[in-house]
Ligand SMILES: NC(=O)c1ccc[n+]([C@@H]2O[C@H](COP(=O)([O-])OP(=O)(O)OC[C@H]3O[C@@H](n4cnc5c(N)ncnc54)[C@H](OP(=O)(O)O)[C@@H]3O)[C@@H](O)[C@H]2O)c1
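The chain below stands alone and is given as structure tokens, in the form predicted on its own.
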């Protein structure tokens, strides 16, 4: 069965966006700094390898409605999703009137969206979680197999925090890999099941 992984760029002080994120500025003010390792001029072969692993094995993506609204259409991804044509399952209370065929809207919660995404991803793929709230909900529900953080050497001071609400109990992690580059320290963890 497909594994579920959260893989996000995060500032040293725990933010995945800068302050005042919006449709016009999905990464918030200064938030693009968190993603230079993905596409910046200092992008290294090691960064490219990490990206290739993430994108190459992605069988489906689960995301929240806020992320969809910020980046859908001419606001960001065009007709595709965050990983091109990879199927995206959007957790929402109310689906939009129209959307591209890449997106499926799920109204009965993150667990249902993950189950649908796993069925599409197959045995060898993985389900990527997009957005802090989606990752928090999945972690709190015990549905995440791996957490990968791309730790960026910057202090944002404000924005959206990655691990604000994970259900009020500790989640044990086992570090399985560290890759250091000038732009990021890529750290992968396995979620330890008690």
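Positions refer to the first chain, counted from 1. On a predicted model such as this, the values are computed, not experimentally measured, just so you know.
Absent from the display: the form predicted in complex with the ligand. The rest refers to it.
- Contact check for 4, 49 and 117: none of the three has a heavy atom within 4.5 Å of the ligand in the predicted bound form.
- Contact with the ligand, judged by heavy atoms within 4.5 Å in the predicted bound form, is confined among 39-47, 26-34, 138-146, 52-60 to 26-34.
- Among heavy atoms of residue 131, some come within 4.5 Å of the ligand in the predicted bound form.
- Heavy atoms of residue 109 reach within 4.5 Å of the ligand in the predicted bound form, making it an interface residue.
- The shortest heavy atom separation between residue 88 and the ligand in the predicted bound form exceeds 4.5 Å.
- Taking the partner from elsewhere, residue 156 is found to have every heavy atom lying beyond 4.5 Å of the ligand in the predicted bound form.
- Taking the ligand as positioned in the predicted bound form, the residues of 10-24 that bring a heavy atom within 4.5 Å of it are, in sequence order, 16, 17, 21.
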